[in-house]
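Before any questions on binding or motion, here is one chain by itself as structure tokens, the form predicted on its own.
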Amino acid sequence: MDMPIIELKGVVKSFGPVDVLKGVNFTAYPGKITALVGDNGAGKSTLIKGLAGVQPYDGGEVLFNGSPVHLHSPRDAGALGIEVVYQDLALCDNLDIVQNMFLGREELSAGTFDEGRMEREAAETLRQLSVRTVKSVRQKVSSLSGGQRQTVAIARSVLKKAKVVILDEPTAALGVAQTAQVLALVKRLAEQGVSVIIISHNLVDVFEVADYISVLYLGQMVASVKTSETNNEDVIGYITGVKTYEGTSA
């Protein structure tokens, strides 16, 4: 098996007297989709915020391409190529697609925004991801559907050649057609060699796209399995704590 691009060893995180992560191990591989699942309060968001540098872990080890790293801020994570698409997407309705994709990292020429370059790079990123549902990169985000908004948020994350993209509930509140559109985009990301970590409560989506499934239960990683070697019933058992994983972790 290829070397993991992300490997967490025994990471812990507490908020006052509450231990949220209790020695968690986790791996994600280049070109593979890893689903992180668990009930509310299992520690999924805390695990991801640690990877994003938003809430650094209290202890444990983080390896990136086999080397120890310290993620003290989002800037640290971004420098490694770790990008997060949160559930709220953080898009500005009053701006167009190009402006949203480059928000906070605009290209400059002679002291002003290089609109032509940004438009070309935005269009090329969408083309590489085989996005065909957007009529123009100059459309206002307010005119886009839920699936198109998610597409723009994902495209923004890979604009600067992200190596790891973390998606927080990417299909929440989407219809059937829009969900299919987003899941197809997730698969294309992995095909381009990006490591995708997807947080989802929808096990149908998980089993459709994920190569690996990691299950958190009350702050502990209770199972890490290949999707092909498990089933919906077993995963629900791990999530609810009624079943114990007895195999070898992926």
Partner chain sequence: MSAADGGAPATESTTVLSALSTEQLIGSGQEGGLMDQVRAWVQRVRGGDMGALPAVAGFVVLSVLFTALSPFFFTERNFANLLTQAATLVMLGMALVFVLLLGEIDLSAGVTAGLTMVIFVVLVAVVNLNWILALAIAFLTGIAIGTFIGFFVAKVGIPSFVVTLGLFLGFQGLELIIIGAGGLYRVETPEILAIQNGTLPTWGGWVMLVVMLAVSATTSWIDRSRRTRAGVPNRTIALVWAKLITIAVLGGVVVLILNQNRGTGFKAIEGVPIVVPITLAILWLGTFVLDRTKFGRYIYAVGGNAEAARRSGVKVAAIRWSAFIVCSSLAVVAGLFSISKVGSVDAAAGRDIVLSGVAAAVVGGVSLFGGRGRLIHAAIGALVIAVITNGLGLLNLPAGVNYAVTGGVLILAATIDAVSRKRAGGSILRT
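Residue numbers count along the first chain shown, from 1. Just so we're clear, the structure is a prediction, and the values are computed from it rather than from any experiment.
Just so it is clear, the following notes concern the form predicted together with its partner chain, a form of the same protein that is not shown.
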Requested in this report: Check whether residue 119 has any heavy atom within 4.5 Å of a heavy atom of its partner chain in the predicted bound form, and answer yes or no.
Outcome: yes
Report task. Answer for residue 126 alone: is it within 4.5 Å of its partner chain in the predicted bound form, judged on heavy atom distances? Result -> yes
Query raised in the report: Is residue 105 close enough to its partner chain in the predicted bound form to count, meaning some heavy atom within 4.5 Å?
Result: yes
Query raised in the report: Does residue 90 reach its partner chain in the predicted bound form if we count a contact as any heavy atom within 4.5 Å?
Result: yes
Query - Check all three, 3, 40 and 58, heavy atom within 4.5 Å of its partner chain in the predicted bound form - result: no
Query raised in the report: Is any part of 182-214 within 4.5 angstroms of its partner chain in the predicted bound form by a non-hydrogen atom, and which residues would that be?
Result: none
